[in-house]
Ligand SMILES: Cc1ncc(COP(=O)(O)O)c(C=O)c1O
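Single chain ahead, written as C-alpha cells, the form predicted on its own.
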Amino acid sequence: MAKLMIETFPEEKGVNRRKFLKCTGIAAIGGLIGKTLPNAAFASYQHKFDTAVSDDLFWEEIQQHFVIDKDIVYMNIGTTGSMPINVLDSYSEYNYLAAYHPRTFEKELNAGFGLPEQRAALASQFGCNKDEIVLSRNTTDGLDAVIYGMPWFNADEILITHHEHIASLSPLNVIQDRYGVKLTEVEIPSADATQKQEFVQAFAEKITNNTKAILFSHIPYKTGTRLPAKELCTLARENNLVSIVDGAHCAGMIDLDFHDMGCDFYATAGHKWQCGPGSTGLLYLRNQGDNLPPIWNQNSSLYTLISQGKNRGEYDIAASLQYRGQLNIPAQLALLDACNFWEKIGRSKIESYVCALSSYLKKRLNEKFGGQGTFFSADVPELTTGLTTFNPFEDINNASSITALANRLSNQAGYQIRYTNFYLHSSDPRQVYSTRISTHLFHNKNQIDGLVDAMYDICQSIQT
C-alpha cells in the first residue's frame, strides 16, 4: 500500500503531479489515468488466473487476494464483505490523490461529471444501459430513491413478502402512513420450497384491482432462498404492475442481467458479496421499453437541470440520480475495481462455486447431525444461494440456544457467522431462530468441514 510521508514532498511550491505519483506509489497508475478505465491499478495487477488448472488450485489462488485474518474463518458476508488486496491498494491511491489535489483529482482519475464511463462499464457487466445504472450509497439508498420517488395514492396496494428487510419496510411504512398505501404480505415458502412456481403462485393469488407494485427480496436475508426474480417480474409486467427488487445479497454472488430479468427497479449493495468499500451500492432503473414507471428524482441535486418537465426515457435518469452534492469518488471507483476483479474471474464461475459450497455445507450438516435439525434455505439448484440457514436444535423457537451457538463458534472455534429470526408462516405466534452461514469465493471445503465439526461439538455441549 502506498504510504504518504511529509518528508517525501519537496520543499518547493507547486509539486507536480508526476513527482507526487512517483513518491506516493501511484506512479504505476499515472500513465493510465485519463483513459477509459478508471481502475488503472487493477489493469496493471499482474496475477493471472489459469483456469486450465484444477478448480481447487484456481480458488486457492483467488483466496490469496484477500487479507482476512487467517486465525478466523469469516462467514458473515451477508453483513459485509472483505475488499481484495488490489481494491484496498487502489482505494488508498485514490484517496491520496484526492487529498493532494482536492480540486483536480476527479479529472486526473477520469471521474467525469456523473461518472459516465464508469456507469458504462458497470452497465456492460450487469446487462443494462448506461442511463439505467447508478452508483448509490447502498441498497437502502437505492430503495429509498425508488419508493419515495414514485407517485402513490390512497388505497394503492403493494405486495411484499413476509420476509422483507427493514431497508424496504421503513420507507414502505412511511408511504403507508403518508399516502394511505396498503401493504399486503405474501407468505412465501422457505424450509419446504422446491420449485420456482410456488413463489409465483403465492404472488399471483394476492393481486387485486388496487395492486400497483410488487416488492420482494431476490434473496431474503432471513432464509437465503433465491426467489425467481425473472418469473416474478414477468408476472408483474403481465398485470401492469411495477416490480421493485431488493437485491442486497446478489451483486457479487450471482450473475445478474437486469434486462433479461425484466425488473423495473433493482437495488443492491457494493460492500457485501461484491466486496467493495462501505457505503457503496448499485441502483438499476429501467429506462428503455414501454410503460416506464414515473419517478421523481428527489434525492438528486439535478432535478431542475436534467429531469424537470421531462418524461421518463427522455433523459439519463441515472446521471440525474448520480449527483447528490459531494460524493465519495474514491470509494465509487474502488467499487468498480472490485467489479472488474469479479469480471476477470467470471461472475457465472463465482456463482457456481459459491452455490456449490452452500450445497456442500448443507450435505455435511445433514450427515453430521444425522438428519436432525431444520434447514430454512432450499437445497434446490434454482433456489440455492451462498446463504445457508440451519437450526440444529429440536426447539426452533428457542433463541438462547442459537445465540449461544453463534457466540461460541466465534469466541471458541474461530468461525464468525450470524443468526436470524423470523416468522416461518405469517400467522405464527412465535418466531423461529436459525444460524446463517455465508459461503463465498474465498472459502473452501476444508473450512466448511471444520465449521460443521465445531457446530456439532458445541451443540452437544449446549444440549447436555
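Computed from a predicted structure; not experimentally measured. Don't overthink the numbering: it's just position in the shown sequence, from 1.
FYI, the form predicted together with the named molecule isn't displayed, but the following is about it.
**Q.** Proximity of Thr225 to the named molecule in the predicted complex, heavy atoms at 4.5 Å
**A.** Contact check for Thr225: no, nothing within 4.5 Å of the named molecule in the predicted complex.
(Q) Since only the chain is shown here, I'm wondering whether Asp246 would be in contact with the named molecule in the predicted complex (any heavy atom pair within 4.5 Å). (A) Result yes; Asp246 sits at the interface with the named molecule in the predicted complex.
Q. Closest heavy atom of His259 to the named molecule in the predicted complex, within 4.5 Å or not?
A. His259 lies outside the contact set for the named molecule.
Q.
Is Ala167 near the named molecule? Define near as a heavy atom within 4.5 Å, in the predicted complex.
A. Contact check for Ala167: yes, within 4.5 Å of the named molecule in the predicted complex.
Q. Can you pick the stretch from 205-213, 332-340, 292-300, 267-275 whose heavy atoms fall within 4.5 Å of the named molecule in the predicted complex?
A. Result for this chain: 267-275.
Q. Of the residues Tyr91, Phe199, Phe126, Tyr221, which one places a heavy atom within 4.5 Å of the named molecule in the predicted complex?
A. Result of the distance check: Tyr221.
Q) Heavy atom within 4.5 Å of the named molecule in the predicted complex: which of Thr140, Asn110, Asn366, Thr374? A) Selected residue: Thr140.
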